[in-house]
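In structure tokens, one chain follows: the form predicted alone.
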């Protein structure tokens, strides 16, 4: 039993509030336990320079943590004049993951920006951002279809993400900050509804891990992502048919 009462293979309580923002084409507030991320999708009728004139679209992301999302104040990166390497890494991960969910060739020459603002952090912020961004993206695409900007939703697959790790010698699903900070190994896993991997980020913080440990963690991740995709399906049932 873990400090919050969960079994090793249980997710934290997952709560999603869709259409959380008034002006965004798509949005949601997603909560993985005490981790809370506001995800919004905005449509911009331009594309990066390398795509101009090709009739194709793009999906990109920005990620940030508000100052008191953590135990101590985190200064806004704008005041420092540059983003950290961690922020760039997470933004690229979210963007890559969402391009697996959407057929960008069918978007026309427009970019969908996914903004992920962490308002409270307790571990797994990038995984919550990916899972929530998918919902925001699909809601934005549905609005574009209703507004007759798109004929159909250029949907490819459900995408979700979860953290797993080895803590006190055992595999655990969906790590809180308390667990993540002392994990011997931690992974961030992104998967599709076809049970195929989009990305795996994993590292050891202590001793090298075995293939057996890795398989145990990936099995936990698959189980957790299946649950998360069911939540996404419940919210988007009237959108993706």
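Residue numbers count along the first chain shown, from 1. Everything numeric here is computed off the predicted structure, so don't read it as measured data.
FYI, the form predicted together with a further copy of the same chain isn't displayed, but the following is about it.
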(message) Under a 4.5 Å heavy atom criterion, is residue 67 part of the interface with a further copy of the same chain in the model of the complex?
(response) yes
(request) Give a yes or no for residue 89: in the model of the complex, does one of its heavy atoms lie within 4.5 Å of a heavy atom belonging to a further copy of the same chain? (result) yes
(request) May I ask you to state whether residue 146 is within 4.5 Å of a further copy of the same chain in the model of the complex, using heavy atom distances? (result) no
(request) Classify residue 181 as contacting or not contacting a further copy of the same chain in the model of the complex by the rule of any non-hydrogen atom within 4.5 angstroms, answering yes or no. (result) no
(request) Tell me, please, which stretch of 91-99, 146-154, 166-174, 129-137 lies within 4.5 angstroms of a further copy of the same chain in the model of the complex when heavy atoms are compared? (result) 91-99
(request) Give, in sequence order, every residue of 59-79 that has a heavy atom within 4.5 Å of a further copy of the same chain in the model of the complex, or say none if there are no such residues. (result) 62, 63, 64, 66, 67, 68, 69, 70, 71, 73, 76, 77, 78, 79
